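First, one chain by itself in structure tokens, the form predicted alone.
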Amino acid sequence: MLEIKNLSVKYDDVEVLHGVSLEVGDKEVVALIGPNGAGKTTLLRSVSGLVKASCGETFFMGRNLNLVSSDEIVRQGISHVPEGRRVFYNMSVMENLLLGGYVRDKKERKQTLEYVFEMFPRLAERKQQRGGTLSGGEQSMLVVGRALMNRPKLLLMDEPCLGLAPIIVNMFAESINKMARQGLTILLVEQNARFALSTATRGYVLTNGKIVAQGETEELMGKEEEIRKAYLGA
């Protein structure tokens, strides 16, 4: 479904990604792990069209995304859950969610809203509450729910569990597993390697803008020393 070939990205004259290649198959959950500053967020922003590649190509369902605007990428079926729980603080939960489905028609939004409330019942309970008054865990549910309102084929998740209590992290793991069982393709970016690898089927390790390890999650879990060195920059 998603194929990234030899991707390089620069901010001004500083190259952040150096020839990165990875693939995400249809209905697959793939983890991209690595230390802070490795380039994980930049990779997702590149797929979403928010930053332009200086080299390489990204294909989604066979279409070259380098030639597509960020707005059209959303319409093609890619939703991006950004790092940092970026809710619209002064808007209600319902208003936040409906904004996520702005490219879908009224009937689709209604159907998807029911799905989101089933996935995250807490949002249904808080639907008239302002986004800025929610707890950290509830805000994370809201940004994921907002992304789901686009009825995506591919969901990009950038550290959805950052700073959350273990009980909420476990809830998100269950939600991701449920979405995967229902056929959603997910690229999950995380610093929390244990959480990411226990949730995904395959994984990549990114450090200093380069892929340094990849494979089935069980295989990567057996490469603790290699992954530890990647996180420590050794």
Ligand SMILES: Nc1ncnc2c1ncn2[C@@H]1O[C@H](COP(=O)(O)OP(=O)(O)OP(=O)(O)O)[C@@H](O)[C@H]1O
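Just so it is clear, the structure is predicted and the values come from calculations on it, not from any experiment. Numbers follow the displayed sequence, beginning with 1.
Below, we turn to the form predicted together with this ligand, even though it does not appear here.
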- prompt: Given that this ligand is left out here, which of 175, 201, 48, 191 has a heavy atom within 4.5 Å of it in the predicted complex?
  reply: 191
query: Which of 167 to 175, 53 to 61, 28 to 36, 192 to 200 has heavy atoms within 4.5 Å of this ligand in the predicted complex?
result: 28 to 36
query: Contact between residue 83 and this ligand in the predicted complex at 4.5 Å, heavy atoms?
result: yes
query: Can you check whether residue 16 is within 4.5 Å of this ligand in the predicted complex, heavy atom basis?
result: yes
